[in-house]
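The chain that follows stands alone, in the form predicted alone, written as structure tokens.
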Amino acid sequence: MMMTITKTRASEKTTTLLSVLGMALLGLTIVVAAGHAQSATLHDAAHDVRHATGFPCH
């Protein structure tokens, strides 16, 4: 019984750690991509998303 509980807790910690690292990597990727993109490119992308989702922007 103790062995099962220990393995479950270790598995939960591993899953949590992988989730946190994955989200940190995704966040860093977004920040780096936005930091290197031209402002006109970011504006056009945001503008296209607004139109695609049905929000007025003009």
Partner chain sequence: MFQKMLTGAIGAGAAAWLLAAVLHFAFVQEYILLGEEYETGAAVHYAGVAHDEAQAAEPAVADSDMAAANDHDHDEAASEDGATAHDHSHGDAGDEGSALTRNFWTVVFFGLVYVGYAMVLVAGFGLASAYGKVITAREGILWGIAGFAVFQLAPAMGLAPELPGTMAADLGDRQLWWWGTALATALGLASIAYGRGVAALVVGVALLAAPHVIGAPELEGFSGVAPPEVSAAFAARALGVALAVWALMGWVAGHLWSREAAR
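Residue numbers count along the first chain shown, from 1. Note that this is a predicted model, so its numbers are computed, not measured. By rigid core we mean the largest C-alpha set that fits within 1.5 Å across both forms.
Heads up, the form predicted together with the partner chain isn't pictured, but that's what we're talking about next.
Undergrad: Residue-level contact is defined here as any heavy atom of the residue lying within 4.5 Å of the partner chain in the predicted bound form; does residue 39 satisfy this criterion?
TA: Flag for residue 39 set to no.
Undergrad: Applying a 4.5 Å heavy atom distance criterion, does residue 16 contact the partner chain in the predicted bound form?
TA: Yes - in the predicted bound form, heavy atoms of residue 16 and the partner chain come within 4.5 Å of each other.
Undergrad: Residue by residue through 15-53, tell me which have a non-hydrogen atom within 4.5 angstroms of the partner chain in the predicted bound form.
TA: Result: 16, 17, 19, 20, 22, 23, 24, 26, 27, 28, 30, 31, 32, 34, 36, 38, 42, 45, 46, 47, 48, 49, 51, 52, 53.
Undergrad: Taking the rigid core as reference, does residue 40 move its C-alpha 2 Å or further between the shown form and the other one?
TA: Moves: yes, 2 Å or greater.
Undergrad: Quick one: with a 3 Å or larger change, is the residue 50 to residue 24 CA distance smaller or larger in the predicted bound form? Answer closer or farther.
TA: Between the C-alphas of residue 24 and residue 50, the gap narrows in the predicted bound form (3 Å or more compared with this form).
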